[in-house]
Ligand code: ADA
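One chain comes next, on its own, written out as structure tokens in the form predicted alone.
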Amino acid sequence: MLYPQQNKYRDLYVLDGIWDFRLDPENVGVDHGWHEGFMESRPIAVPSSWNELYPDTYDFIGVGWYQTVFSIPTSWSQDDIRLRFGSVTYGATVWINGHFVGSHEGGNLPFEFCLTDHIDRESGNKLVVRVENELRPDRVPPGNVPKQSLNIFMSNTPATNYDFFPYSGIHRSVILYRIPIPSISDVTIRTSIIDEVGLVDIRAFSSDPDVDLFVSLQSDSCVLQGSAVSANGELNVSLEVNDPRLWSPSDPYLYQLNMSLNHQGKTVDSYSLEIGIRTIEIRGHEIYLNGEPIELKGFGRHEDSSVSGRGQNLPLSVKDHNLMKWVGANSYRTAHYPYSEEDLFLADKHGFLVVDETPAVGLFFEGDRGQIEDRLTKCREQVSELISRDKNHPSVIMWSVANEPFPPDLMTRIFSEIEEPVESFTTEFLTTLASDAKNLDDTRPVSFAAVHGTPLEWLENVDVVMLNTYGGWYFDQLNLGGAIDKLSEYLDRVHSSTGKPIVISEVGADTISGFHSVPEELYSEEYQVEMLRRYLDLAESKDFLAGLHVWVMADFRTTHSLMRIGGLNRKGAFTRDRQPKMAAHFLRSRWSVAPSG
């Protein structure tokens, strides 16, 4: 779906603010008629996670209810009126004036409902949302798994199958918006470069077949124009840009694309995008941007704040991007779910190379085969929704369809280096997701974040091998030399088998800010720096390593366990409040990018 815009043909009304809220620990709200409105409540900020706002909601994972009231502006016509949620975790059920509107399952991606038949144009409308975040093994990501692969490392509460906190709530903006009829319903932009000419292919759709499209592409030096007549609602325009200014980390130049939809000789809708002309491709064991090899230098990240939780936090997004530029990073992965659309707009402007990841973290293949098929269906939906949302961002250079799927015999594979085939359905699961991504978008490579010991057949259908590795931390603690030697041998074996570029997608050590030691000890800032030093040296020694992402940019909240001091994963180069550790200064010295103003 297109990101809502305000212009002379489109209107929007952001419903963010202070809403009414109440918990429903016994799940009695529906039976008691709360969907028609409720009286007993407390205030809550939308967007935010309820877990960071009240003492009794801190660890609450269950059902919560939200309500607010809105009115339709009198200036709005009888066109298509929609209600869009940027993200609700995990399940949302929506009522307006007591009438059921719709439901959605899965966090981190937008969904919307047409409200034209549900609203009262003459008075206020009561919007009620039931949010449910039960941890279940059949969900993506899963929780309360009887035999959790992650519990090899820790026994955690709440019982997630992944290492971050399962925040609950309305996490991104809620927007009421109006679009005209007919309208531009979808746009796909593809760019290529042939003989120093930039080709911009625009594919737009409208629900009305009797329309035409006019487009203009503006830069600092020129304006290009084109038009198309609808073919059953599809409109295609191609523009040629001579001597284009190519989008890249060193020059993230964006062209302004304006589109106007005409119906019976009259303009009825318009939409605009900032686009970057660039190409991304794989050649041998290298990743090429605009025909030149690139090396990914950056981080895994989390949307995480001690106040807003996973709730959209625009000042924090701006600060994170500026801190990454200060360090000299050129890339990050949206671990382990899609970040807000505003985050990607910032990446477009700053020139970050983004590996865009679905919420498929903590996947496992043990137990009920029906549950596995259910998870596959949900994962496929998430791949489709992610690509539909983010396909036009020049910053997005690769799709990641999962993070750390675990084979049943993972520990045996790690310690005995076995390479026995796994059951074929597990390979088919990941192959299906990769194939879906390629079918939906053949302009970007596809991968998933694997772990040491991942079956090699799982890597057959990816374009880039991403590997999360923690030798020297979870294994071979205080033996960094041995850990690096083992990893070097493993990387050589994987590359010999696959012939594909490899990116170390996670490496890190938990570090307590301010804890120092000589010699380096676990949890000390010195140990974190020495570990990163050795991994960076290894990356520089192997030409098939196309990049390295440090785990993680900043400390973040996770579940309670003996391994997570204070409920935090402390592998950050920065603290949770974004103060630099020694590691941040070390990375800045190695990545040697001058600070920008």
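Every value quoted in this text rests on a predicted model; they were computed, and no experiment measured them. Throughout, we count residues from 1 along the sequence that is shown.
This protein has a second form, the form predicted in complex with ligand ADA, left out of what is shown; the following refers to that one.
Q: Counting any non-hydrogen atom inside 4.5 Å, which residue from Tyr271, Tyr470, Trp247, Trp458 sits next to ligand ADA in the predicted complex?
A: Of the listed residues, the single hit is Tyr470.
Q: From the list His35, Arg534, Arg564, Arg557, which entry has a heavy atom within 4.5 Å of ligand ADA in the predicted complex?
A: In short, Arg564.
Q: Any idea which of 303-311, 227-235, 106-114, 402-410 reaches within 4.5 Å of ligand ADA in the predicted complex, heavy atoms considered?
A: Going through the listed ranges, the match is 402-410.
Q: Does ligand ADA come within 4.5 Å of any heavy atom of Tyr474 in the predicted complex?
A: So Tyr474 counts as contacting ligand ADA.
Q: In the predicted complex, does Gln528 come within 4.5 Å of ligand ADA, counting heavy atoms only?
A: Close contact is absent here: in the predicted complex, Gln528 is far from ligand ADA, nothing within 4.5 Å, heavy atoms only.
Q: Find out whether any non-hydrogen atom of Ser49 is located within 4.5 angstroms of ligand ADA in the predicted complex, and reply yes or no.
A: Output for Ser49 is no: heavy atoms all beyond 4.5 Å of ligand ADA.
Q: Given that ligand ADA is not shown alongside this chain, does Asp343 nevertheless sit within 4.5 Å of it in the predicted complex, heavy atom to heavy atom?
A: Close contact is absent here: in the predicted complex, Asp343 is far from ligand ADA, nothing within 4.5 Å, heavy atoms only.
Q: Are His336, Trp551 and Asn569 jointly within 4.5 Å of ligand ADA in the predicted complex, each by at least one heavy atom?
A: Checking in the predicted complex: His336, Trp551 and Asn569 are all within 4.5 Å of ligand ADA.
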